[in-house]
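In the block that follows, a single chain appears as structure tokens, in the form predicted on its own.
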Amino acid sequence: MNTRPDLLPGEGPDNPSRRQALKTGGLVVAFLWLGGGAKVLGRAGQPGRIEAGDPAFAPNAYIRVGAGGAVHLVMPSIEMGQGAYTGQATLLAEEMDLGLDQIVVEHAPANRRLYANPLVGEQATGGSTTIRYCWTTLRQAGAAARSLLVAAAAARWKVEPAQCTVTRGVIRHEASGRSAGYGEVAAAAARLPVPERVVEKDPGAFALIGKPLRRVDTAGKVDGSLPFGIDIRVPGMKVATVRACPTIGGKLLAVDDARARQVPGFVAIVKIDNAVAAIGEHFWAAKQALAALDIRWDHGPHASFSTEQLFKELADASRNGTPILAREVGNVDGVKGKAVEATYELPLLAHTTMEPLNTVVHVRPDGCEIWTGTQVPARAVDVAAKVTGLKPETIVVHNQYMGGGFGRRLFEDSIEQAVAFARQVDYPLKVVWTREEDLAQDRYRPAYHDRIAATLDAEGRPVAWRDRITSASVLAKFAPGAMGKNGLDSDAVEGAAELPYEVPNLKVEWVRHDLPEGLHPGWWRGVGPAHNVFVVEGFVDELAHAAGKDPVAYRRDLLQKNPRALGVLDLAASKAGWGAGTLPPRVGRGVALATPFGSYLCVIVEVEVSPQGGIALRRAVAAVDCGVVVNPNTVEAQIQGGLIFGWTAALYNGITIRNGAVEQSNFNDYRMMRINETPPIEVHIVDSKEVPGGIGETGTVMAFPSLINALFAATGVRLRKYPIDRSALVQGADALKAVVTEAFDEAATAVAKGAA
């Protein structure tokens, strides 16, 4: 338990592995590096009272250097398969002149003061922000640590620090032949004042950044030694699995456990207002016992709710709701030219992380310990304090590696539920959700209804652009204080409000339509751009077709003032062989371009559609300019994985609700792309000197429009929703070949059409 008064609120004590790794004397100092200076935030241990396990030198919130020379990096972001730990460790190792293999990575404790992500205002990992906010912070932290360690060695030798060099953590003074490892001078470095200013390496001197380095977590994941949350076992632990009311906003009425008590290994049941958990000596006993329970539910006020009702409500809100202005340039009203209009719809989506949600909780009278993989460690403390009534400083979160997050683990509902169950027993309780529970109780990506229109000039260029987005708000649930003063959810319009193309008159609006209470919206990999870029790039393709122009040439014409975007378009088109040769019948290529998360990306997909509507992805080519590349292996892997993640949703997935309950139950009806369905994916990375952009979600963003545009090229069928309706792609089918439009207002449309 965290009962030491010298630790910051929410900061746990060192875990056993850290204490074993850093058995040394010394002073522990925690710093947060802030721009050109550093601020002392706290200390562990006092002079003359050094505890076993305290590192000799900790120049900021991120770095711990022990007398044995081990360099530990306490990770400000969370690792869930996206390579964050490798990227962050590379930044530190570069500035400290270490090898990547010399960095020991550690999960950060729950502590907003030390580990808040400034781009999201919370101790949270999401939105492709890790390298963007760590790029400067961690490099300055590493530079500060190196400066202090070198200064300590130089003082010992009575030489100037500038006369010293460092290779793999060994400081050398070549003139005298003396050398010392970081560990030998760590205690002395801890006594030196933190420099007010440090200078990071010039990019020309980079030894690690930009190199295709092996990930720091690969070996442990391959041999099974690296534990995920679901692997955690603590002494005396029992295992539970849970079933919540399947209908939106429903409650638990009664449970009869007579049959469950006959299951070998059954321990007990515990209940909360809307769910019941069966506890067993192991998971199988808990699962069998849960299946044997006789449960009665109050299905609540939304027992008749359906997906059809949701989309009708969204369409009605789009027409009759109050729009909130996101961005306006020029004046879209009354612009003369050819009018093109369309309506797009996007489904609810689930996250389906490989590792199901799981949490181990031990509630005691004096505190609470939690073992889980979460994207929001500090929020886990918050909900545990709320449920138990314990003080936050008595709650310790042991964060773990995650088998996927995709935004699902930005929400602490499963942790709150686990604490609510665990407080009813006196032993550690592991709560594991089944896949069925995961799909039934997800925080779903909102459904969207978009009405979009453009007016084209005589050359086919858009001279007016209008986009009205209608959806629920995730931001209003996650961080209501971050909503705009006019009520705008900035995430709902990201990727739509700022176009990469030159459009002189533009108006983007958002209409908020909340989901029924109990149907919770959540962020999904790609967040706002994953929805908006699908609509924008699908519609740009429609404009190219209306103008009678090649889709790549059309985009190229609109990007003359955006050289980075034009660069990735030209690179992708060249590598894909766009326009070279003739494709076979019912084979087409689709292009999509966007600038999500500060990166520039173009993807071209080639597909073949059988006469029966079967879809085969033949090839994909991506060109990316994400600024300075920390690790090209990570960039390539994230784009490949993101594309497959997005294509999976486009081809197969959508959450549907009937009689108030989710219809999908497992991977049989919410399926994944299989390896034989994935095409060869080429990733071409631009050599850029710009500040790094995000990369983890960019591939997902680009998957949808590139595929839909390729299907149009192959069949002439324009799809504006997914999962893809294969019946519309059957040769000879014409149900969707007509252009489906819905005017923003009839008067404005009449003006545009009359002037055409």
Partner chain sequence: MLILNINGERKSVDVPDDMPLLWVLRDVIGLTGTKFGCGIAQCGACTVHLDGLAVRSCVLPVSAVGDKAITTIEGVGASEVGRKVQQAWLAIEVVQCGYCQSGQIMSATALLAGTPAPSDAQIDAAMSGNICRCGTYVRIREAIKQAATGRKLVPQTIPNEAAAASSGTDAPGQAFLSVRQEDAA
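What you are looking at is a predicted structure, and each value in this text was computed from that prediction instead of being measured. Positions refer to the first chain, counted from 1.
If you look for the form predicted in complex with its partner chain, you will not find it shown, but the lines that follow are about it.
The candidate spot formed by Thr434, Asn633 and Met672 is fully in contact with its partner chain in the predicted complex: every one of the three has a heavy atom within 4.5 Å. Of the candidates Ala258, Val222, Val199, Ala580, Val222 is the one whose heavy atoms come within 4.5 Å of its partner chain in the predicted complex; the others do not.
Of the listed positions (Thr167, Asn659, Ser610, Gln309), a single one reaches within 4.5 angstroms of its partner chain by any non-hydrogen atom in the predicted complex, namely Thr167. Looking at Leu506, you'd find every heavy atom of it more than 4.5 angstroms from its partner chain in the predicted complex. Using a 4.5 Å cutoff between non-hydrogen atoms, His351 counts as a contact of its partner chain in the predicted complex. Using a 4.5 Å cutoff between non-hydrogen atoms, Pro264 counts as a contact of its partner chain in the predicted complex. Though the partner is left out of this view, Arg215 does reach within 4.5 Å of its partner chain in the predicted complex, counting heavy atoms only. Residue heavy atoms within 4.5 Å of its partner chain in the predicted complex occur in exactly one stretch of 483 to 491, 450 to 458, 233 to 241, 466 to 474, and that stretch is 233 to 241. Contacts of stretch 665 to 679 with its partner chain in the predicted complex, defined by any heavy atom lying within 4.5 Å, are made by Asn666, Phe667, Asn668, Met672, Met673, Arg674, Ile675, Asn676, Thr678, Pro679, listed in sequence order.
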